[in-house]
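What follows is one chain in structure tokens, specifically the form predicted alone.
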């Protein structure tokens, strides 16, 4: 492997051809969607608003708009209006020296009714891809980023045994129409996260909770991935196809028997069970990294055993910032012998205090994994824009670009320019 460290200038170089980008998703940025999430938001906005009133919020959150004490915070509505402003947003990405961008196609737009395709919306996404190509930005297309058409939800969503067929049909349609404009396809985004929150804990749509529902949904999602892969590879054999999966770094608080057993089970079930079902139907792994959990066995509160973190540094939404975790995750992924792209890694930081260091520190640990033989080929910061953060609403600010939700004005944060320099030079200065 080519030397990636230049001692004479204290620079960490990345491999030639490395992709530097950002990521967004349709529901969180486009606006104007009608899917199972938009229905759920309207039903639950008042409840979430009431729950938020029971918490203590810092002034920098409450002085913003919309804030968690306002019902409109929890309804996606026009989101960032990216549907209409995508060219403006891609111009910003280009100014930030991005050479790749991950986005998702909204299934509910292109198939609003079962088996009926909205060609106008297909053309919209064709124009999105052309806009990226015109700026020499490599598209990474995500086919499913958690939202479903209402008709699909009414059929039981991922509990329906026919769900994999419905999804594969949609994937086939998109690749037939748009396959000449995209090389990289991400079939599913974080299926285990959706299953955990929707089917295990019953917090998100479709609010079905329990082991059997979770097991069925997760396995149907695996079948959907595998069927979609077969459709895509048949239509476009040279496609690069993968998944964007949420990996968690687990560590034992102390290396005793119980902590080690819980750590092993947590790591297998969260990080490897689903991948084992699709490992023959992908040719790259998309790694989303946000979480580090320290295992400390608690006989009386088993769930608490999974998270006993010190939380020395946390984001605005309370997620611990632990850059070293990405190194261990990547080392564990080496066994799959596949290229890896960091398809999401970001921090909610409205004041832009941590973001620049967050990016650099994660890249330092990622670089170490590359030096040790992990085939990492790209990094996508989450997110290009502030966006609608699902059940939390608009108040968490992940964006390199700040969005004024009253005017839709975009403002590039200082951390974005620091990331832009890394992208431009393909290196980190120590």
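Worth saying up front: this structure is predicted, and the values here are computed from it rather than measured. Residue numbers count along the first chain shown, from 1.
Not pictured, yet referred to below: the form predicted in complex with a small molecule.
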query	finding
Proximity of residue 28 to the small molecule in the predicted bound form, heavy atoms at 4.5 Å	yes
The small molecule contact in the predicted bound form: residue 319, any heavy atom under 4.5 Å	yes
Distance check, residue 106 to the small molecule in the predicted bound form, heavy atom within 4.5 Å	no
Residue 382 within 4.5 Å of the small molecule in the predicted bound form, heavy atoms	yes
Answer option from 361, 389, 39, 402, heavy atom within 4.5 Å of the small molecule in the predicted bound form	389
Contact residue in the predicted bound form, chosen from 288, 148, 271, 259 - any heavy atom within 4.5 Å of the small molecule	288
Region of this chain that lies against the small molecule in the predicted bound form, out of 278-286, 113-121, 138-146, 166-174 [heavy atom, 4.5 Å]	138-146
Contact at 190, 344 and 398 by the small molecule in the predicted bound form, all three, heavy atom at most 4.5 Å	yes
